[in-house]
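Given as structure tokens, the chain that follows is alone and in the form predicted alone.
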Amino acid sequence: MGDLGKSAAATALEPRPRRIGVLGGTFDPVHVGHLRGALEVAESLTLDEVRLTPSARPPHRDTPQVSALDRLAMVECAVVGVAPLKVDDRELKRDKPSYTIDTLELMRAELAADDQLFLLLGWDAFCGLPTWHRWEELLQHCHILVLQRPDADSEPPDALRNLLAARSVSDPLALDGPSGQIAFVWQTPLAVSATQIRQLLASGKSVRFLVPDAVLAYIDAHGLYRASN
């Protein structure tokens, strides 16, 4: 075999870089909007997996209504049988606020140098980035995918405009290297929110088809979000 043949054979044996998405949130409770958005991104960008990462003490959100264990159990119920979606519980194991930069640093340390890490953010969360802990370091560890709905027409804050000018890529499939760029991904609009679901449950109304059946069964079995809680 010539040198060219050896080189081609060696290349064929090299594992391709993994492509890992990260979707954080309180998941209070997890619902079809979270799951459908994560699945659409996994399929359109051919990600190996999307890690749903429940936060324990979110710095920018109200304290979750139910316990971390219940929120984790609901996410675990929700992803059963959906191959690209995984659950990552590392933030629930940390006895401090759930800073995204800490999570990304830990994940990056576990991956190969050329593996790609993608942080999935809704438009509102993206616009709030300048208030996040060490937010300017995020792109050292990941690419950012902004999940954009057709009805989101607000402008980003000034603090993000220079970043977008320098780091944005028009085609999310063209994101190159392990980290450092930003792309927008159009999402099917699903008008579902955890707040709406909690309100419906508190008033004794059904949330069928807003959450997976397994999540609804867990909510009912544990009496979560009812007015008596």
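Model, not experiment: these values are computed from the prediction. Just count from 1 along the sequence shown to find any residue number.
The form predicted together with a small molecule is left out here; the points below concern that form.
Contact here is defined as any heavy atom lying within 4.5 Å of the small molecule in the predicted bound form, and by that definition each of 23, 34 and 198 is a contact residue. Although the partner is absent from this view, residue 45 stays clear of the small molecule in the predicted bound form, with no non-hydrogen atom inside 4.5 angstroms. In the predicted bound form, residue 107 stays away from the small molecule, with no heavy atom inside 4.5 Å. Among residues of the shown chain, residue 156 is not one whose heavy atoms approach the small molecule to within 4.5 Å in the predicted bound form. By the criterion of a heavy atom within 4.5 Å, residue 187 is counted among the residues contacting the small molecule in the predicted bound form. Contact with the small molecule in the predicted bound form, judged by any heavy atom within 4.5 Å, is made by just one of 144, 147, 78, 85: 147. None of 111, 101, 125, 73 but one reaches within 4.5 angstroms of the small molecule in the predicted bound form through a heavy atom, and that residue is 125.
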